[in-house]
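Just one chain is shown here, as structure tokens, and it is the form predicted alone.
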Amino acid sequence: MLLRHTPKKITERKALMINPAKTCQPIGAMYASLGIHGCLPHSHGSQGCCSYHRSTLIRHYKEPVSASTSAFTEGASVFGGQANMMQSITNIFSVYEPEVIAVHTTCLSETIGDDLPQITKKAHTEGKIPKGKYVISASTPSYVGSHVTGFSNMVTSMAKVAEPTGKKNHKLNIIPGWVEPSDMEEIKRMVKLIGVESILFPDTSGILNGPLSGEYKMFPDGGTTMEQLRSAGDSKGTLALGEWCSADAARWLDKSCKVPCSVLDMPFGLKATDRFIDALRIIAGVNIPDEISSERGQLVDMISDMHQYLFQKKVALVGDPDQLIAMTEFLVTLDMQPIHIVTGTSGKKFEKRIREITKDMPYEVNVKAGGDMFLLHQWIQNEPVDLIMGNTYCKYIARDEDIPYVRWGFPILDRQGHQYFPTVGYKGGIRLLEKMLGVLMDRLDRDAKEQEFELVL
């Protein structure tokens, strides 16, 4: 059934990917764009591409996602889509009145060689962009990179909106990387508790996890404003959370606007959150608030109480590189053993970092950047695990191999709640622990013989 045809024997594959552990660049660019206040993402390509990108985000976040398209046909695919985009800009500002249009390319427009900056400049010259409105763009060809690459490219385009005045605003830029809207809320909460004024971009909180009010808003109240993005060039520094998602934008601000940057791991788990909180403490020049210390203590207490059920459990992980690095460290901190780790995003730097984190483990770790879930399944067949953590597509492996499974990452298409419950920070660490412990202890109950079926484990 399902994936049981996956062979146990592993053979080298250079030109074939089976069950990819990624999706395409424009999806990442579209998600980042939704984190700008009053922004309409625009797919410069065919209607089918735009529909796919929207539907993937809608199925994950269970929220409406508005986006427009240049609606390529055969003519635009051969002769270029400049005319389509020029007409699109006119129509969008006239009909929908967004604050900003965030354009990303697709395979079609990249293959024909459309120059988005040139088209945008022409639209400005011809007066198609109203005063006080913006058009930003990012190159996001689907046939290279991944959704992580597309997210990074669009966030870098957001950074390029910055207009330094030479007068510092004493704020801190925080680039959260591809995390859930709930995670962005949690990051803002922790930053506020420590007393740091910040500009978080992108910020999808309130946009993809907003309340059901009975009133449809094409442009919800949340998101980073264009005014905030312009002032990002006057900030006193930038914290980029994640090398793959956030570092390029932070380094651009450092190089072009003289805003010094630091690149940290995403604050999943105990140690990565410690480093994030400590960086904020140093920037603010304050002691860590009691509320933050209490939350950390709660996480440590839960780790201590439940250590016996986590100790030496073998884990298979699949996801995005920034998230996997922090999660691997968290699992090692819990004395668990992440032994199979796959990301669909390429980069030998990722493999090196994972090996550094797991260097003291008693087992050799299988790690692959630019890998797929077919390979992950083969690894599991050769070396079984106690737990799988990854997106919805892992459910087939978990079912076929009868392994406990925690949904985590992107996309999660068959469950809800991830857009409302954070997994970053100390509170998020407690949430992750609860999810892992829940599936592992459910398995203990399921497999226990009748005489060993205990009320309290």
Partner chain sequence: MAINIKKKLVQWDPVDVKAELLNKYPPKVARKRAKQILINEALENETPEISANIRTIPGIISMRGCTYAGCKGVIMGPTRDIVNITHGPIGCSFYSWLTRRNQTDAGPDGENYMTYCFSTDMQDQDIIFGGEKKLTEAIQEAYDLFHPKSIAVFATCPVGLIGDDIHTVTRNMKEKFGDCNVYAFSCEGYKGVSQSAGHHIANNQVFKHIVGENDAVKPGKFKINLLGEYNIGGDGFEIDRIFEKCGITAISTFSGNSTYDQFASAHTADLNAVMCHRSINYVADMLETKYGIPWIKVNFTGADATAKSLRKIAEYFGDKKLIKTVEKVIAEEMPAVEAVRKDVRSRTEGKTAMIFVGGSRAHHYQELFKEMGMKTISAGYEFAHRDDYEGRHVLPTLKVDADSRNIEEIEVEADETRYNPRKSVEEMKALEDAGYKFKEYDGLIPEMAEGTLIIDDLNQYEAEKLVEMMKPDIFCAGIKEKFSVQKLGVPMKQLHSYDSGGPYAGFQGAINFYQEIDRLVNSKVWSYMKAPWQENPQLTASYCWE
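All of these numbers come straight from a predicted model, not from anything done at the bench. Positions refer to the first chain, counted from 1.
Separately, the form predicted together with its partner chain exists; it is not shown, and the next lines address it.
*Asks:* Tell me which stretch of 188-196, 359-367, 260-268, 142-150 has a heavy atom within 4.5 angstroms of its partner chain in the predicted bound form.
*Replies:* Answer to the contact question: 142-150.
*Asks:* Taking its partner chain in the predicted bound form as the reference, which of T333, S77, Q337, S231 has a non-hydrogen atom within 4.5 Å?
*Replies:* It is S77.
*Asks:* Find the only residue in H42, R407, H418, H37 having a heavy atom within 4.5 Å of its partner chain in the predicted bound form.
*Replies:* Going through each option in turn, the one that passes is H42.
*Asks:* I'd like to check something about E63: if you look in the predicted bound form, is any of its heavy atoms closer than or equal to 4.5 Å to a heavy atom of its partner chain?
*Replies:* Yes, E63 lies within 4.5 Å of its partner chain in the predicted bound form.
*Asks:* Might V300 be said to contact its partner chain in the predicted bound form, defining contact as any heavy atom within 4.5 Å?
*Replies:* Outside the cut-off, so no.
*Asks:* Taking heavy atoms only, is W244 within 4.5 angstroms of its partner chain in the predicted bound form?
*Replies:* Result no; W244 lies far from its partner chain in the predicted bound form.
*Asks:* Given that its partner chain is not shown alongside this chain, does A448 nevertheless sit within 4.5 Å of it in the predicted bound form, heavy atom to heavy atom?
*Replies:* Answer no; every heavy atom of A448 is more than 4.5 Å from its partner chain in the predicted bound form.
*Asks:* Would you say all of S293, Y309 and T423 touch its partner chain in the predicted bound form, counting a heavy atom within 4.5 Å as a touch?
*Replies:* Not one of the three qualifies.
*Asks:* At a 4.5 angstroms cut-off on non-hydrogen atoms, which residues of 209-232 are near its partner chain in the predicted bound form? List them in order.
*Replies:* G210, P211, L212, S213, G214, E215, Y216, M218 sit within 4.5 Å of the partner.
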